[in-house]
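Shown next as structure tokens: one chain only, the form predicted alone.
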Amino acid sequence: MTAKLFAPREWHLALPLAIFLHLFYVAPLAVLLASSFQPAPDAPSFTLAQYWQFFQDSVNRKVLLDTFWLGVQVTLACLLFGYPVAYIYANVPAKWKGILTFLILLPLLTSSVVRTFGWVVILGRQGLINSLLQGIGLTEEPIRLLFTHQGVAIAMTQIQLPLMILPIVASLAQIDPRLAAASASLGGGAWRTFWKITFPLTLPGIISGCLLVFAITVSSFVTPSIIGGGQIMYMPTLIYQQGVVLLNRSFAATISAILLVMVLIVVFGLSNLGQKSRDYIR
């Protein structure tokens, strides 16, 4: 009886983590949201003036759209390049998987600052891409890639690519190989088997990868700041400018809240899509 009375319950085990999350995540988030409603001069104690100010400015609206578009571009590019890599990984002999695992995880083992400065060298006027294009005669003059939206998207795609590959690899690993054999025995070709069996079964991994890539891309600060060179503004850069440079912290909190809402809308949309894909698989 005494042992049962003092035995730890399940919620007791989760209590330290819950306290940690409330202190260092929920509480700061609540302060951030409260700051976003701080009044402007000569305004009531609770006001939406900061939000109205953001959406009234065409520059701010463009920054929001550019950030969203960057997230979509990088997510689609990572899916385009990441799915074949994951598919190859799932079908190579076991002796090659160790090498491929190392190559996939290698970018995650390197600082994002180091990788970003590597892309500064690659995308420069005398960089690898321009030297290659001029060497094969496709261009006569160097193409401007650095300090452009396209350059930021290219660098972000390479940096976020492992986050797309790993969830897809996990989904591919759960597919029963007998399904492909059964499809072949019924006359299904490799292409038809892929689209009718393999691809639908990997939708949960695809959606998980898209969630990770999009959320991290639109909230990235280092890579867009370095590759963009301060000439291209995204939401994290705008938050830094308002909160640190201009010391307008209430407006920076408003921008942060808008970015958070944008990410949550995409997360909820993809989560619903993921639930439908799981129901389809069942």
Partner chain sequence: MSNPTTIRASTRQFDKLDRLSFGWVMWSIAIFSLFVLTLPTLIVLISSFSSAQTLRFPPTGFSLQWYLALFNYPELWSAAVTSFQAALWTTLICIVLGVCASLAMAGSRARWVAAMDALVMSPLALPGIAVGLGILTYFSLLGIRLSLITLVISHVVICIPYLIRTTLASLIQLGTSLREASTVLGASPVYTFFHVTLPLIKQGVITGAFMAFLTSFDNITVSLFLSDARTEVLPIRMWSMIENDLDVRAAAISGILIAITAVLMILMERVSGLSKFLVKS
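For the two forms, the rigid core is made up of the largest set of C-alpha atoms that agree within 1.5 Å on superposition. Keep in mind that this is a model prediction, so the values were computed, not measured. Numbering follows the first chain given and starts at 1.
This next part talks about the form predicted together with the partner chain, which is not shown.
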Checklist entry - Is V244 close enough to the partner chain in the predicted complex to count, meaning some heavy atom within 4.5 Å? => result yes
Next on the checklist: Would you classify S225 as touching the partner chain in the predicted complex, given a 4.5 Å non-hydrogen atom cut-off?
Outcome noted: yes
Item to check | 4.5 Å heavy atom contact, V59 and the partner chain in the predicted complex | outcome: no
Checklist entry - Would V263 count as a contact of the partner chain in the predicted complex, using a 4.5 angstroms cut-off between non-hydrogen atoms? => result yes
Checklist outcome for this item: Checking G135, G189, P200, P177 against the partner chain in the predicted complex, the residue with a non-hydrogen atom inside 4.5 angstroms turns out to be G189
Checklist entry - Would the partner chain in the predicted complex be within 4.5 angstroms of a non-hydrogen atom of every residue among F102, F117 and A170? => result yes
Checklist entry - Can you name the residues of 111 to 129 that have a non-hydrogen atom within 4.5 angstroms of the partner chain in the predicted complex? => result S111, S112, V113, V114, R115, F117, G118, W119, V120, V121, I122, Q126, G127, L128
Next on the checklist: Aligning on the core only, does the CA of P107 end up 2 angstroms or more away between the shown form and the other one?
Outcome noted: no
